[in-house]
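We begin with a single chain expressed as structure tokens, specifically the form predicted on its own.
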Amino acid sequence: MRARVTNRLRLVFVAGAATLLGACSAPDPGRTIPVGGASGTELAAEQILNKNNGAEPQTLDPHRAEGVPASNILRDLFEGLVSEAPDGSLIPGAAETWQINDDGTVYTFTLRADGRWSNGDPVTAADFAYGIQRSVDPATLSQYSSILFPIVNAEQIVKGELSPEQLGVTALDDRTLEIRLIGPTPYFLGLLTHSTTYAVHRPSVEKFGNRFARAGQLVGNGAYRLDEWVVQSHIRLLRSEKYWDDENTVIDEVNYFPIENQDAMLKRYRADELDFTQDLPFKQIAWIRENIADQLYISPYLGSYYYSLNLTLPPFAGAPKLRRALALAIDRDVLTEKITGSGEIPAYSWTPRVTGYTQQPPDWAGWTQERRNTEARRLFKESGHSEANPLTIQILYNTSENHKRIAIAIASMWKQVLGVETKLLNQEWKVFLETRKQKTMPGVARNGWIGDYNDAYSFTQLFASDNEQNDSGFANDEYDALLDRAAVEPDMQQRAELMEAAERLMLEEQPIIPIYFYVSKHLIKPWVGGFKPNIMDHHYTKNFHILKH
């Protein structure tokens, strides 16, 4: 592999609040050139970045993709109207400016005059109008189209009641795009960084159909273009010379490697085959802290790790006491201290800490684990299960040693407290997503949700009865009504109170079992410059550079 690297990194550790801990690993006796040369800022002659990316993405179609692995790559291939700075703050993207009317319902964007697709075509307002219309078109089969419901007519289009052309998105001229909303939406600019809102190159889509997002056919408007995709090997992107800010882009090539085994990931990182890891093996965290702490970043992350329960089939359909019993019997302190060990926060409620929103933990979150176990046994018995009528359930998870370790620990807790027999089933990422989505498999499914934008609505919306990502099958009219009111409520305090009431209602029915709130975990080589942690864990290759080493 070709070598590649930044200035010395520091560990950002989360234990309620983020704290910077500087540390130095032992010097590598085989490395004679100081990072960054004599000045510490000299660039390497070869600007190549090699990143681990977790699972193989199921598609690079921005309107059909799901999950973090695809999103990481799409941020390099496409640019939304709004983009993000390295620290996560919102900045102009494909649009150089925007205006918002007085009541917050009309956004008018002015696109850059020098915006170009990777084939040289100009990026126009019509491209964005077409892209967002395609995103809500039921024929696209998007799993995220419901997050566009704030746009006028989006919900009706998704439900097949109106045509995509009736969406409240209009190209006023080549460089001016107007988006009309059904009500004030305080997170809307942040939403425009999500791939559902990306423009796509219409001639390519019309020529290649669903195959337009393949190597040799994908035309994007981001800082990089898709050069090669070898399944289960790598995805290679090359710098796009047509990108409007190419003169400030340094990395020439970025390779994304789909390595799901965290142990193998660490081995390749230590062999300098990777510059940047997406995750870390839980069991190696202590070793990493002791030996290469200067390359470790652990920082706050807007995400919840949880188990979803299939409410459409036995044993969980119509069984709220059983669902609560299983939630109570999980010792989250043991999981986060002994299994994950990276500063994850035990979760009893659903929404992580978000500005302007109060978390909604149930009363039993303040109990001792012994008291929780006692209540779990009572509810388990009342749900009709006992030694004479034992329960056997299945935990489905996507292939990952970390997910396996958590599943084994939880299965052991359920066995010890309730006598539950548990079967573990792992599936490759693409298969896992489809299995979970279809709801044909009874039992429990590993799940994780990372906010699509920095607002509590990104979490509460997930359990709307018509949300495509609602894998538990939870459906409640009162919950939906609270969300509908929150979506158009201009008063921020009342809006938060509506979402808080919705979360309490959902947790009372227990369609999910919250386990912990995420932290992001990366190992990054000392020669990779430009990295800054941010709450969304969004990183654009165009902001990185490789130092001489």
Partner chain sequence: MAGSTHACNTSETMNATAETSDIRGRSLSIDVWETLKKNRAAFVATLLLAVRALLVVVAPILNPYAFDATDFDLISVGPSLSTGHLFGTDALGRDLFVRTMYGGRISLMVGLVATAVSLIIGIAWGATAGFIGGRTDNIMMRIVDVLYAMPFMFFVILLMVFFGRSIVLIFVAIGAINWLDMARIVRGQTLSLKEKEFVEAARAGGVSDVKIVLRHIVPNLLGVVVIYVTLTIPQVILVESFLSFLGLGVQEPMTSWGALVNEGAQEMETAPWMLIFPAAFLATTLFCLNFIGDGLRDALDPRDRSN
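Treat the numbers as computed from the prediction; the structure is a model and nothing was measured. Numbering follows the first chain given and starts at 1.
Omitted from view is the form predicted together with its partner chain, to which the following refers.
Visitor: Using a 4.5 Å heavy atom cut-off, which residue among Q359, N426, Q394, T312 comes into contact with its partner chain in the predicted complex?
Guide: The option sitting close enough to the partner is N426.
Visitor: Considering its partner chain in the predicted complex, which of L90, L238, M441, V334 comes within 4.5 Å of it through any heavy atom?
Guide: None of the other options qualify; the answer is V334.
Visitor: In the predicted complex, is there a heavy atom of its partner chain that lies within 4.5 Å of any heavy atom of D227, even though the partner is absent here?
Guide: Close contact is absent here: in the predicted complex, D227 is far from its partner chain, nothing within 4.5 Å, heavy atoms only.
Visitor: Heavy atoms within 4.5 Å of its partner chain in the predicted complex: does D263 have any?
Guide: Yes, D263 is a contact residue.
Visitor: Please tell me whether any heavy atom belonging to A329 falls inside 4.5 Å of a heavy atom of its partner chain, as the geometry stands in the predicted complex.
Guide: Judged by the heavy-atom cut-off of 4.5 Å, A329 is well away from its partner chain in the predicted complex.
Visitor: Can Q284 be called a contact residue for its partner chain in the predicted complex at 4.5 Å between heavy atoms?
Guide: Contact with its partner chain, yes.
Visitor: Only one of 362-370, 175-183, 296-304, 413-421 has heavy atoms within 4.5 Å of its partner chain in the predicted complex; I'd like to know which.
Guide: Contact criterion met by 413-421 only.
Visitor: Within 4.5 Å of its partner chain in the predicted complex, counting any non-hydrogen atom, which residues from 394-419 show up?
Guide: The stretch touches the partner through Y397, T399, E401, K404, R405, I408, A409, S412, M413, Q416.
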